[in-house]
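To begin, one chain is listed below as structure tokens, in the form predicted on its own.
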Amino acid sequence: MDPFDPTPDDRFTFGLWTVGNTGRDPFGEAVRAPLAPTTIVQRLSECGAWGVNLHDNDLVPFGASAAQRDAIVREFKAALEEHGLCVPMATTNLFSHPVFKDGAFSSNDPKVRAFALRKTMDAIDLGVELGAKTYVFWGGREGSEADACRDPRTAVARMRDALDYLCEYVVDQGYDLKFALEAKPNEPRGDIYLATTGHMLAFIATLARPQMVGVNPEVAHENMAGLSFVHGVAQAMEAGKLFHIDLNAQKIGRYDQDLRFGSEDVRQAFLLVRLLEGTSGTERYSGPRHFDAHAYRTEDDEGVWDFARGCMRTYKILKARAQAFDADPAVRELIAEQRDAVLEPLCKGYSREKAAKLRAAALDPAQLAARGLRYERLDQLMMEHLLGVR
């Protein structure tokens, strides 16, 4: 077996909306026929995926009757069991229907906010029924073009009320479920509230049950803002808030492209995989590796599965490269942590005695500044591992 072929042990997941994307864009109609959810489950299993995720309406069409909903879910659950896939994450579509044209939880209309809460509670029930343990919130319509329509503080307060309400709903129902918030700076709104992972982390601290809520960073969304995705993910991990992650690729300065993972900026993809896998000796991310991407518009049905396998293979190749990089003696020497048994204790945990000793320490800034760090050498070693020549 090819060591880079995916297996369920890799915990790779895709959304129904990702491999089910028909290739439609704002300038052209669909180029592929829609795929039935049960077909997607079968094909993902054949590709070596571990799980499949969904919005509520990816599976149950908007407006379906209770009987139709139950029949669809029953068929889907049978497909999951037959093909050995699970549903680790679910979410709600609060952006497609025209009712959400000016927001869902942040809308000025209380009837829209009420409908959004009811739709989300129903979707949470569906996700839990399918076995989901994480529930993602992407506020695609929670924003504005005409900013005078509402005070942004009001929008944030309304979103806080909604998240607090839904946390209490989950607790009241006895569900084993946690929430993950997904940031994006713009598109489809001109500006979206809580635009980055950093915004989300600050917002979570204001919730009534912050322990239930983390983040779901997405490569493309942070790159759209011109930010380092690796740094955003690292901050979430350091805070214990990386509850889920969306992997794809993105060219900086473009619309949200959702390209095949690793197909742009291989350096950042390498550093991200290195971070998630903890190959340098740090804590490893244990959650699903979810690909929120889709095949090029140029592809037919088989091209979709080339795309899916490509996402997973690239991740595994980068993982192997990261393991080799961090095991390289030359790399280990360059990144070895510097230790100072006298100074380090003085820099942690303030006391008057420590401050006095720190002031008295012999520290020569000119001498410290003169030392070269050899990061050029380190970066070149990384490139050589990435290019497969080391």
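Worth saying up front: this structure is predicted, and the values here are computed from it rather than measured. Counting begins at 1, following the sequence as shown.
This protein has a second form, the form predicted in complex with D-gluconic acid (GCO), left out of what is shown; the following refers to that one.
S.K.: Answer with one of D256, E299, D265, D102: the residue that has a non-hydrogen atom within 4.5 Å of D-gluconic acid (GCO) in the predicted complex.
M.R.: Result of the distance check: D256.
S.K.: Considering non-hydrogen atoms and a 4.5 Å limit, which listed residue (S107, N223, T197, T91) is close to D-gluconic acid (GCO) in the predicted complex?
M.R.: Looking at the other structure, the residue within range turns out to be T91.
S.K.: Though only this chain appears here, would E182 touch D-gluconic acid (GCO) in the predicted complex if you measure heavy atom gaps against 4.5 Å?
M.R.: So E182 counts as contacting D-gluconic acid (GCO).
S.K.: Report yes if any heavy atom of E142 sits within 4.5 Å of a heavy atom of D-gluconic acid (GCO) in the predicted complex; otherwise report no.
M.R.: The answer is no: E142 has no heavy atom within 4.5 Å of D-gluconic acid (GCO).
S.K.: Might H55 be said to contact D-gluconic acid (GCO) in the predicted complex, defining contact as any heavy atom within 4.5 Å?
M.R.: H55: contacts D-gluconic acid (GCO) in the predicted complex.
S.K.: So in the predicted complex, is D-gluconic acid (GCO) close enough to W138 to count as touching (4.5 Å, heavy atoms)?
M.R.: Contact with D-gluconic acid (GCO), yes.
S.K.: Where does D-gluconic acid (GCO) sit in the predicted complex: which of 232-240, 91-99, 197-205, 124-132, heavy atoms within 4.5 Å?
M.R.: This holds for exactly one stretch, 91-99.
S.K.: Within 4.5 Å of D-gluconic acid (GCO) in the predicted complex, counting any non-hydrogen atom, which residues from 222-249 show up?
M.R.: Residue within 4.5 Å: D246, and no other.
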